[in-house]
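Form predicted on its own, single chain, as C-alpha cells, below.
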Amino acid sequence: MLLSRASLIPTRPNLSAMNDEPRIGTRLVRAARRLPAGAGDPVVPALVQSVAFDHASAAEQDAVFGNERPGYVYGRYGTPTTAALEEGLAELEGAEAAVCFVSGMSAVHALVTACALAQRRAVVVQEDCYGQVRALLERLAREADAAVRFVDPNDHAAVDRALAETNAALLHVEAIANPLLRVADVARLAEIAHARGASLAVDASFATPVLVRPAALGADMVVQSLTKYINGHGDAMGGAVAGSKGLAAAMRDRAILDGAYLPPHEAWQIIRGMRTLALRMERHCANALAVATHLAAHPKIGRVHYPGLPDHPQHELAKRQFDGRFGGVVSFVMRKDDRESAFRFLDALELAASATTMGDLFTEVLYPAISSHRRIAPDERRRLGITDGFVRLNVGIEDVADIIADLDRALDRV
C-alpha cells in the first residue's frame, strides 16, 4: 500500500489540549525544578548545580546581566552556592567582597594581570614564593613583556627600592612563604607599598584567617588557595581573592571571561570543609611545633625551617602577627644534603602521603625540587635555600606520636 506525501507529515500537536494539561513528556522534563516552599531553613546551604537560570521577564534578565539588580543568569557568571562561599570568605577576611576561582593559580593570575599588567605597570614579587607562581610570572615576563621584579620581602630597603625603580602597581608576598616558611611583616610592607603608590597583595594560604587577617594589617588584597587548609579534605580545588568591591568587580570580570569561576559543587565542598577550619588549625599548629622541635634535635637533620622555633629569623614577628600559632607546615634539610638521601627518606615513609599539596587532614610530604619548584632553575633554587636535601612536610591532625614515629623510621633508612 502506497502512502501519500501528506500522510508522512507529522500531525501538529493540539495546542489547546497542551495548554489545558501538558503531555507526559513535557511534565517529566519540567518536573521538580523548584524546591517546595515551607517553614524551616536548612543548616547546610543548597547545592545549586543549575547552569542556567530562568527569569520572569526579559527586562528582569537584562537588569541582572547589567548588574542593576542581584541575580543569576549563567553558571560562569555566578551561582548561589558559590556566592554563599564568597560572602563567607569576605566576612572571614574582613574584606568588602571576595571572588572565587577554579584554583589558587587562576586567582593569582587574575590578580596580577588585572591589578598591574593591565595598567602596563610592574609587579614586585617575593623571590621565594610558591614555585608555580614564580614560573607563571617568569612566563608572563617572557611572553607578555611583563615587568616583574623579584625581591627578598624581609629586606625592606630592597623592597622600597624595587617599588621605586619599577613604578610598580603591585607588591605580592606570602604571609608564610612556600616552602621556606619565611614570614612577611604585612603591616610594614603595606606602609612601604602605599608610600610608593602600590597595592599590597598577601597570599595567606599557609596561614588562613585563623592565624592572620592581612586586610586588618593594611593589605589591599588577600589571596587564598581554597584547595589547602580552608577546604582541608583533599577533595576540592579552588582559589579566592578578597578586597574592595572595586577589586571584586575586576576579579569577577576576569573569572567570567577567562572561564575561571568556581563551580558550585566545589564551592559546596569547600563550605563543608571551612566549618572546621579553626579546630583543624589548632591541631595542625600544635602537631607541627612538636614535629619541628623533634626534628631540630635529630642527628640526621641539618636544619629545620619553622616559625615556631626560637632560631627562626622571624620568630618574634610570627609570635606577634599570628597570635602565638605558627602554621602546620615544617620544612627541613637532610644532613646528607643530596637527592639520593632525600629519595630514600621519602620512599621509606608509611604514614605520610607523598603528595603535591598541603593543608589536608592527613600528613603529606613534598620534595620541591621535582614538584612545586621544578620549573625554577637549579642554581636559583639553591640560592634561595631549596637544596637537594630539602623536604616540605604538611603535618596532619593524626596523633603526633605516630607522625614522629613514621619520620624516625624513614630517617633510619638514610
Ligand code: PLP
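These numbers come from a predicted model, not from an experiment. For every residue, the number given is its place in the sequence shown, counted from 1.
The discussion below concerns the form predicted in complex with this ligand, not included here.
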Quiz item: Contact between residue 326 and this ligand in the model of the complex at 4.5 Å, heavy atoms?
Solution: no
Quiz item: Does the 4.5 Å heavy atom contact test between residue 205 and this ligand in the model of the complex come out positive?
Solution: yes
Quiz item: Even though this ligand is not shown here, does residue 103 get within 4.5 Å of it in the model of the complex, heavy atoms only?
Solution: yes
Quiz item: in the model of the complex, does residue 238 have a heavy atom within 4.5 Å of this ligand?
Solution: yes
Quiz item: Can you pick the stretch from 308-316, 222-230, 335-343, 181-189 whose heavy atoms fall within 4.5 Å of this ligand in the model of the complex?
Solution: 222-230
Practice problem: Scan 261, 268, 322, 130 and let me know which has any heavy atom within 4.5 Å of this ligand in the model of the complex. | Solution: 130
